[in-house]
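To begin, one chain is listed below as structure tokens, in the form predicted alone.
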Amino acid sequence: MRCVLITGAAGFIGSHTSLLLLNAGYKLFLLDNFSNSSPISLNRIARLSKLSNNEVKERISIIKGDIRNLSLLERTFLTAKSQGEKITSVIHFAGLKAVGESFEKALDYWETNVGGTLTLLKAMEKNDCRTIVFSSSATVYGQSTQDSLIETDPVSPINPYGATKAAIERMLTNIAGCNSHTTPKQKSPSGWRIACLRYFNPAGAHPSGEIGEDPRNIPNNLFPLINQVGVGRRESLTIFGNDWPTIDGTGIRDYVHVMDIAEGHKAALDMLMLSEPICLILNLGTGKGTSVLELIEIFKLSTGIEIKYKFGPRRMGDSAISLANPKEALKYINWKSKRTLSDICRDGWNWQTSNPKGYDDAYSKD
């Protein structure tokens, strides 16, 4: 049975990817410290998989802990061996991820994101596991006015969060023996199989409404804020800037359904497991830009809910446009987005109305 360690497994993208891999027959070791997630999401992926209780026990191991804890990571690899299995690959989601907060807590971001990844890689190498899919970000590109971004565009992040993602990419390409950012695909002379997936703006939820995005504090992303205003948890949405050089003055982003993103991780992992040692750096996006005001209008048309909003000043670390050119992902891992913005709005709203307080125990169906 194929065994994979997923860090940050209880988070938004981690939980959706875990469900996909569980249904594909993988045995999962799910690691999370639950600082910005809930263990309820992991209970729900087990339920959504429709596995029997015995199958769940055989196929899912949940580890509460931090990626900076080397002894914990090494014990996880040893636990797999004691069960007659071998963790052959890692999907790495764990880390701090708020752009604004990263300015205030830059040291924490470098320690957790970069230091944690270094610790993870040490544990992997010690246990002869050299396949990793890394959750990177379009923030590595920084400011751009281009119609779309390609993988060989300059890496020049404008916030500490993006800087940590870029540093991790550089670390990974270094250990693979590759030149950073010169081509989306390179052979790895050191025997590593690595995929850095730069995704743009994941949104939406699983169509069941059982798992979705539930930040434990004030959301840093636009879509969960829209949902929270729609369900009455917040009075209105603040749009950061209406004077950007865009069609309506609001920021333009590439919104991609979380299930498409999850499928991208599975496609990358499947490709790595069958390939020679390589290093991939790929965009995951739709290639279509949507402004904040356009998204609010599409949300209204898709759900019937009108969102109150007001304008505020630009937010430090933001850019006017961030839009993917996803052609290399189609070329190398046969991936492209399938779902629409209407799908994102419908599925995200279904999650929010089914779980008005997210995974909060007082409101949970579990």
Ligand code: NAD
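So that there is no doubt, residue numbering starts at 1 and follows the sequence shown. This is a predicted model, so every value here is computed, not measured.
Another form, the form predicted together with the ligand, is not on view; read the next lines as being about it.
Contact annotation for G348: none of its heavy atoms lies within 4.5 Å of the ligand in the predicted bound form.
At the 4.5 Å threshold, heavy atoms of D66 reach the ligand in the predicted bound form. Under a 4.5 angstroms non-hydrogen atom cutoff, the ligand in the predicted bound form has S137 among its neighbouring residues.
In the predicted bound form, the ligand stays beyond 4.5 Å of every heavy atom belonging to L19. Note that among 118 to 126, 92 to 100, 184 to 192, 275 to 283, the stretch whose heavy atoms approach the ligand to within 4.5 Å in the predicted bound form is 92 to 100.
The partner is absent here; in the predicted bound form, the one residue of L31, L28, A329, I45 having a heavy atom within 4.5 Å of the ligand is L31. Heavy atoms closer than or equal to 4.5 Å to the ligand in the predicted bound form belong, across 1 to 36, to the residues G8, A10, G11, F12, I13, G14, L31, D32, N33, F34, S35, N36, ordered by sequence position.
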